[in-house]
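Below sits a lone chain in structure tokens, taken as the form predicted on its own.
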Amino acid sequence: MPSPQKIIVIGAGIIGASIAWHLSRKGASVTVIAQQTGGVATANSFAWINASWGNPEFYFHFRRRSMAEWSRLKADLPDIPLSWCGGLCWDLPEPELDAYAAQHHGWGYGIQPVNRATSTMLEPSLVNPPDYALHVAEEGAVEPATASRLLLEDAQRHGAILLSGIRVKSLLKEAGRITGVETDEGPMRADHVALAAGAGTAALAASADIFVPLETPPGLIVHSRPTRKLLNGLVMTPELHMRQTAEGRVIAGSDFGGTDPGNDPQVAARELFAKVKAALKGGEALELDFHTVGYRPTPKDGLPILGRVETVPGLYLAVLHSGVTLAPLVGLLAAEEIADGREDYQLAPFRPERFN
């Protein structure tokens, strides 16, 4: 039998962990290299799993497909803290909510308009429930750092190697092909390199003269101390997006990605948390534990960058916002493309070459 392909995955956030897990299940020889297990953006994510507004139809269907893949992943790893808790949304003017509902209902999304009484039934802790909102029962959330850890641990049980606390300085390029990586502990060789380093992707790609048009906007999220049950699902108000984590923390941003905290994140966090407390019955008892500022790896056209770099064999790019929603599907398809040479037609709009 031929030796398994040697594949280096750069990054141990939710995307890198999913790629490594799927590759290890295929019998590849996988080494994950990361400065920080669990990644940077992953741990600071709101972690809403959705196929929500603002996307073209083909991307909606791609996201919806990944929502189904989360259920498949949960069946394989039952300890993943995944909850299909539903989402209640009224963060747009009513005409825009109506247009969003009509469009997404036509695409097959389980979206329902609800009145104040139903909103109160769904989220009884809201101080001021909306007269009109939209509810999507099939939306959910996951605790992404825990999910990443579980994926990496299971990948290791299937033979993967995790090298944490090691910095990848550059890609190794020989005769026009990526042949491995240069780390602060020396070079490492591989048949393929999967670059899933989030906000660090552009700089590492540039080390091999590959341009990745990436923006990294900051996002402030506040985290309460664990408390009694206050929220049943995801709540998207005009000024707050909130949910309660598996360990009981209420987390919130001005929107699901968080917003720029400005020059004084501490002040911005206190102001944001005051809104959280005012929005919930019993909110006066909430205590701010900490805040995070995540830097979301966002391709400039808003769509994922996924696939081989045609001009430089040996390198596979996987960088995107909405990494939490898309992680199980991206991991599955990347593993098929890297290990099996199989291509998925749904990845065609996301190829790196579209920026050439």
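Note that residue numbering follows the sequence shown and begins at 1. Everything quoted here is computed from the prediction, not taken from an experiment.
What comes next is about the form predicted together with a small molecule, which does not appear here.
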I'd like to know whether residue 60 contacts the small molecule in the predicted bound form, with contact meaning heavy atoms within 4.5 angstroms. no
Does the small molecule come within 4.5 Å of any heavy atom of residue 297 in the predicted bound form? yes
Mark residue 166 yes when one of its heavy atoms lies within 4.5 Å of a heavy atom of the small molecule in the predicted bound form, and no otherwise. yes
Closest heavy atom of residue 331 to the small molecule in the predicted bound form, within 4.5 Å or not? no
If contact means any heavy atom within 4.5 Å, which of 261-269, 274-282, 89-97, 195-203 contacts the small molecule in the predicted bound form? 195-203
Contact check in the predicted bound form: 130, 245 and 286 versus the small molecule, with a cutoff of 4.5 Å between any heavy atoms. Do all three pass? no
As a check of understanding, the residue in 47, 315, 28, 305 with any heavy atom within 4.5 Å of the small molecule in the predicted bound form should be identified as 47
